[in-house]
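Two forms, one chain: they're shown below as structure tokens, one block per form, named structure 1 and structure 2.
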Structure 1
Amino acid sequence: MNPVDQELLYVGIDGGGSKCKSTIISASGHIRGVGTAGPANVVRNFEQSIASILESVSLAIEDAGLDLDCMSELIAGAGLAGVNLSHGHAAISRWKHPFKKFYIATDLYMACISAHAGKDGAVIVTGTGSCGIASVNGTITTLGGYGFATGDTSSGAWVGAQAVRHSLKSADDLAPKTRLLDAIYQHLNVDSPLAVAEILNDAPPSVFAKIAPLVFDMSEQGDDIATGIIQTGAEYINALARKLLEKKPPRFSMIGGMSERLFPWLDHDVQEKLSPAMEQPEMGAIYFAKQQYSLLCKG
């Protein structure tokens, strides 16, 4: 059975820490169907990632009005969180996938490809985590992306955690007063530093990232501690940007939930280099699948 009227079908799978989105596209570039399922971070939960991939692709097939049997005809590209870590990559590589072809790369690499519509370029991602990548003339450089406990400076989770640390020191009268303390109390609906610690100590990075907008708000209200946290974060992003720009990427973008509020804090020479992302991250996986499959056919 050829479900696609002789035309190849590609599926781009964008799997992150909160959801997995699949998009089926025809060789001629038409979007045929989309599907969204749960998280797909192969390091945090491998079984769940596989389930999310299969569910989101199945939903996309259904959305395209195709038969589920066509899964074995799909040329899949998947950008998955956790694939940058060697055991994450090894686990997903061993998976007996149901597709015609299955090409894997990091979600960061897919974000870079999509931001520049399949061409060379560099990207900084500042969302819950933070990292940077440049893909120029076949050479890929990645910086940061080490996670909440050991890196991710200037990410939403980092900004939130810095705010909490400063606020709790301030509650102990061991650091200058900051409006952040009351803002965090209100946000968490508590009224003591121990209650803050109780909620946050084993919380995932995404819970800290939700505190980051308060830091920008309090800075706008003149809070020096909030301003200091953002400035420290922005210095890191400036340095990260300059390091990526050394690779001479033809285009450069900053994406992720923090990027809009962080932009005004960056140095002008960095701001001037930034262009908007050209496509959504899920398109990166499709560009990647097409590139890899055409290389295979040429090879």
Structure 2
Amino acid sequence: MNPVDQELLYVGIDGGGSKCKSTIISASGHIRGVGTAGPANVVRNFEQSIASILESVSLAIEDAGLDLDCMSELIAGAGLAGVNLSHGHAAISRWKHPFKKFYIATDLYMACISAHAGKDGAVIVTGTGSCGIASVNGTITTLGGYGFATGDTSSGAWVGAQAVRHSLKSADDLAPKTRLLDAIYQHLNVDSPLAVAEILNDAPPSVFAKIAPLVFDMSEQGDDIATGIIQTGAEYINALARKLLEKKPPRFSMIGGMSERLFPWLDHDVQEKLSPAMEQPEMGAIYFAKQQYSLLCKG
């Protein structure tokens, strides 16, 4: 092990439906290393999540120029997709982690902490999944976050899935023609509806999320079906935002891979309330880890 001058090292882990990013930071606030790996939704694929956590932390250690055995000295905070569900939380809580300490919470809560630099605020996440949270005066309100099969409206996975469904109906002449069909064929390197179904029927949300940018591209080219999908998603985000704003958060942000392209579709009153996130989500996990470790030391 070779941490600098034996200073405490923290690692913040942000594990979502498409990727897991880890950042190592010293107790004095100096970023030492960053690593990124695959998906880390503990409900959808627990083994994959663990592999992604370990890979992203190992890459961060390598980036920091540290020895891999220093993992056992890291104080880890992890915001993970799926932890909001009881069986996801139970599964990760049972994991025999390799860290000095391991503190977990939802990726949504960590994103809220980071977006407002540890202070009160609200966040909507529009990435592979979608959800919202407000943290005001010690009260936490969460909306959405129910997963691909039962929610996640306006997420990348939802947008992609809607595009596929409309396109396959179009291929069967049961819906208006859409440029999305050819765009999806090209994206998947196939040439028939059955080939699309064979690839996507058992695909995880992250695969559908990769189709979402095509929907925005086709909308910009005048495709009415693509535009309708985006408008429906934007209506949901508008409603989600207004419900969170009822909690009177001092700041409000929207983050995630869909946020930049979705922003222009939101109503003006929602747009004007949004402020850029102050820090990356994995920094929220570090805030959380520092807080929890400090409480442990005081106790």
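Just so it is clear, the structure is predicted and the values come from calculations on it, not from any experiment. Heads up, when I say rigid core I mean the largest set of C-alphas that superpose within 1.5 Å between the two forms. Counting starts at 1 with the first residue of structure 1 and goes up one by one along its sequence.
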{"item": "Structure corresponding to the form predicted alone", "value": "2"}
{"item": "Comparing forms between structure 1 and structure 2, the hinge position between rigid parts, one of Gly233, Ala60, Gln162, Leu108", "value": "Leu108"}
{"item": "Domain reorientation between structure 1 and structure 2, expressed as the smaller rigid part's turn in degrees", "value": "17"}
{"item": "Value in Å for the CA shift of Asp69 between structure 1 and structure 2, taken after the core is superposed", "value": "8.1"}
{"item": "Core-aligned CA shift between structure 1 and structure 2 for Ile50 (Å)", "value": "5.1"}
